[in-house]
Each structure stands twice: as structure tokens, then as C-alpha cells.
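Just the one chain here, the form predicted on its own, laid out as C-alpha cells.
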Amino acid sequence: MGDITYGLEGKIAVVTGGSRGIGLEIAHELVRQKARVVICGRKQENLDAAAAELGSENVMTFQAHIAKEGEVEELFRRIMEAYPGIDILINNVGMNLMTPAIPDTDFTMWQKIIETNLNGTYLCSRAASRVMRAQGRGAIVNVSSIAGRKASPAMGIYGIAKAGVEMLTRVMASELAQSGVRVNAVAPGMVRTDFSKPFWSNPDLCSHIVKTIPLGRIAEPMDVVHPVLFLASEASAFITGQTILVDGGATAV
């Protein structure tokens, strides 16, 4: 995609789930853009490996379970001890389990998926927005999914959670606009990461999925990274409450 720049030099950016997958690719690009990057995740060994891969003195790691209120509050307390503010929050953490139809779903499974995808996004957004509102600026970018717009087999609870993320995006954008804080989202289709490997690693299933995508391929992580950074930057200064679909045209047909 060439040397695209977003004017993020020196910006303080927090990336949840930044130790692997799309989150790690976002962190890589933020480092390349000379931002100061905080990545958080549940496992310290994954964070350590990511920090070593990123190889920058402008990267800090914090361990936290973003679905637990106390850990999120402690995470942002520690971030504010290390930095004077927060310019960008990227809510990237997400998880999915193959689920049966809603009547056959175990409530524990429902809770796990909702807690990680929706509650975690809410808790981190709440903590970061308090900082951003006080400083009069900031950008929050949520990673949603086209599953939040279209009922898909075995992804029902995940889709419900992501639909909630998109409404959270609109509500917070409306509430925070007068404080100089923008809130947007990106909604990818399938992306070639370990998260979706059970789908794209199956040749027959992958071929079926590709046939539903007008651009004729599934997304690579960088296809998502650049829309995220665009929404985090001043290039999108007059955009808030919006979700950019990154699906190769799948929802256009």
C-alpha cells in the first residue's frame, strides 16, 4: 500500500489485544508511524513476544483482562502513570466460538462471548473516554464485524455482540462530540488471521466464502489496519459515529 502516513508521530495509542493478529499488525503500523504504543492482553508471555517483535522503545505492555472492570480500571491507571494522556484507543480484542442456534446455546457460552466482545469494549471505552473528555480530544476506534449486520451460521452470539459494539460506537460518538472526542468503528469481513483460520484454511469453505466477495479474496490484516489508522488520525477529523465496512464488497450485493 506504499508509505502512507497519518500524522501520528508522538501520539499515545492504546491497542487492546495488541499481542497477536490484527492488533499486532495495528501496533506494527503505529510504531512505523512513530506513535507511542501501549498494547495490552491477557497473557504476559504473548505481550513479551510481541514487544520483542515490535522492537521499539516506544512500546509498553500491560497485562489485563478487558472484560473485568477492576483490571480495566487498573490498566488505565497505570497508563496514566506512564503517559500524560491518551490520544487513541483501538478496541481490537474479540473472540468467537462456534455456537449452536440460540435455543440450544448454553448461557455460559453467551456470557463469555458477550463479555469479551461487548463488555470489554464498553469498559475500555468508558475508561479512555473519561481521560479524553477531560483533555478535550481523542479518538476511539472499535473493531466490529460484518457479522453484526448479517445473521451467520454458528456466529449468532458473536454477531449480536458486534451489533452492540456498533450501537455503542454511535451512542458514545453522540455523547462525546462536544468534548472533542470522536468514536468510530471498522467492520471487517473475514480476515486471514489465526482467529479465522478454521474457515480460510479449509479449501472448500474458503472457496465458497470468496465467491461471496466481489473483490475476489478474503482480507489481509493490512486491509483493516489502514482504515483503523485513518479513523484514528486527523484525516478523519469530521467523521464520528460511523462504521467503515472492510469486506471487499460482500455486503453490497
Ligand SMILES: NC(=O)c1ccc[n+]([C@@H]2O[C@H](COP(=O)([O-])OP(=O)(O)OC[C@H]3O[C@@H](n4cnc5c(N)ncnc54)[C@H](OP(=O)(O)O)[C@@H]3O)[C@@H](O)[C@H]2O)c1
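Keep in mind that this is a model prediction, so the values were computed, not measured. Residue numbers here begin at 1 and follow the sequence given.
Here the subject shifts to the form predicted in complex with the ligand, a form of this protein not shown in this document.
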Although the partner isn't part of this model, could you tell me whether Gly94 comes within 4.5 Å of the ligand in the predicted bound form, counting any heavy atom of the residue?
yes
Taking heavy atoms only, is Glu57 within 4.5 angstroms of the ligand in the predicted bound form?
no
If you check in the predicted bound form, is Ser125 within 4.5 Å of the ligand, heavy atoms only?
no
Proximity of Met190 to the ligand in the predicted bound form, heavy atoms at 4.5 Å:
yes
Heavy atom within 4.5 Å of the ligand in the predicted bound form - the one residue of Ala161, Ile88, Val143, Val183 that qualifies
Val143
Site test, Val37, Ser129 and Gly138 vs the ligand in the predicted bound form, non-hydrogen atom cutoff 4.5 Å:
no
Only one of 169-177, 99-107, 144-152, 80-88 has heavy atoms within 4.5 Å of the ligand in the predicted bound form; I'd like to know which.
144-152
Could you run down 123-139 and flag each residue that has a heavy atom within 4.5 Å of the ligand in the predicted bound form?
none
